[in-house]
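So here's one chain in two forms, each on its own in structure tokens, numbered structure 1 and structure 2.
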Structure 1
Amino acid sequence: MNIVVCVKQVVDPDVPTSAFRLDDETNRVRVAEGIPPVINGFDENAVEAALIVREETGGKITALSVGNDFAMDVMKKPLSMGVDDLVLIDDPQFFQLDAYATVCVLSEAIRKIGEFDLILCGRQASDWDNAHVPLGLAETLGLPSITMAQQIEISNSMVLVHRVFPDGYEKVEADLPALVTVSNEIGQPRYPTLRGIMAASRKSPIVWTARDLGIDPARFEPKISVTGLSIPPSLGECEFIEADTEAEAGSRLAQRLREVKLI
């Protein structure tokens, strides 16, 4: 069983919003110096899912990422969690790839990695929230795609998935090879063990460039482009309800909500 897990380095979504800065030239969000990036949370869930599947089926897990300016100790986390290989597509020409170009690069990289049975991705990235790179990847590689997995089982060359549904879950299955996106309901990503961290520190990622993949970035034409980015003004007009006691403040809040017809 060969599994490829796609992971993305993102701005830490748990940083306070006050640390967000807009870069007008590149239409990207930056954070204050010294705040490290993280691996997209859902992608860590996907790594966890891959490890769970491997415990049952055996085989090999390759984590794959495309970008530039990788923070190596951050990107090595999947290795320390237990994946076998890390492939980084690192090329300054891949600065600010849009979703389509990302799909193109990932699909070429997966072809180069070779035989695979299962591709796992996080359900969406916490920066651009597109939730369509995995779907595009499945379309490009001609694979069945199943989104929002909370449970994944492999049997008889098939993948059986419980998908998170608004009021429950949906059971679906598909033949392998297939692509599955993973939601947080799969469970908390495991903490790297000391042994895992030591092993990861001795491993070097496999690094490929555009040329290694036979891709000419000049070919990429944006199908949709970001023309502006702004931080929505916070309301900044919170009316604080005050009273002599906290209990009184509670009833006064209710009266105030009544006055403005919110209840």
Structure 2
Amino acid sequence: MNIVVCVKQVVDPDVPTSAFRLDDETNRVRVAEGIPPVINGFDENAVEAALIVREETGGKITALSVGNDFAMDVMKKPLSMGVDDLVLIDDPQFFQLDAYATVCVLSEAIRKIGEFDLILCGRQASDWDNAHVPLGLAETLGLPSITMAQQIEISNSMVLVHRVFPDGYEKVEADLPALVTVSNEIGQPRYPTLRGIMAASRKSPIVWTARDLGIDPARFEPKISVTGLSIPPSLGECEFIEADTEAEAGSRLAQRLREVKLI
């Protein structure tokens, strides 16, 4: 079983909004210096799913990422978790790619990697939360796609996925090769072991550029235009409920919540 896992370097979602700066001219986010990026959380779940599948079926896992200015200590985390190879598509032209261009680059990289049985992606990225890339990638490569996986099973050249729903799950089956997006319900990603960290430190990623992939730069032209970007204002009102007893306070609180239609 040859598995490709797509991972993305993103701004740490736990960074306080005070550390963000918006460039009104370019509609881009600038993060204060000294705050390292992280791998997208759902992508770590996808790595965990790949490791679970490999434990059951054997095979090889290749982690794949596109961008530029990678933080190598961050991007080597999949290797320290147990992934076999890491491929970075690193080129200055890949700064701030939109979803369409990202799909173009990833699809060419996967074709260059060669034979694969399963592509795993996080359900969405924490920076833009669009979830466009996995579905676009499946369409470009002509693959069946199943989203929101909380469990993945491989049997007889088929993939069986338990998809997440608010009130349960459904089972969906597809022929391999296929693309599956993974949700955090798959389980907590494993922590890298000391042996894994040491092995990752000795292993160099495979680095390709746009030229290595033979991609026409015209394909990087954005199809999505960001016309405005802003940080939502944090607004809140606090109302105190006064009463002589706890029971009276509870009654008045319930009454007030009904008045404002919160209950």
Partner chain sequence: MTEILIVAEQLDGGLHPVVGELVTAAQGLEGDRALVVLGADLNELSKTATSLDVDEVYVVEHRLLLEQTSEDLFVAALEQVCRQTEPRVVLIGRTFLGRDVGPRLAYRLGVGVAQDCIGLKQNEDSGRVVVTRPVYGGNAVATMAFGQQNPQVVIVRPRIYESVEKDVSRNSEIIPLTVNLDSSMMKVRHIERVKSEVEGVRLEDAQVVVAGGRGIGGPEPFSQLSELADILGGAVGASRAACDAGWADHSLQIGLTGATITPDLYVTVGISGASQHMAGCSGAKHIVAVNKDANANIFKEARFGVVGDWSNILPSFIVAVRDLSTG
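Values in this document were obtained by computation on a predicted structure and should not be read as measured data. Whichever C-alpha set is largest while still superposing within 1.5 Å between the two forms counts as the rigid core. One-based numbering along structure 1's sequence throughout.
Here, the chain labelled structure 1 is taken from the form predicted together with the partner chain. Superposition on the rigid core between structures 1 and 2 places the CA atom of A218 2 Å or more away from its counterpart.
After superposition on the rigid core, displacement of the C-alpha of T26 between structures 1 and 2 amounts to 2 Å or more. Here Q255 exhibits a Cα shift of 6.4 Å between structures 1 and 2, evaluated on the superposed rigid core.
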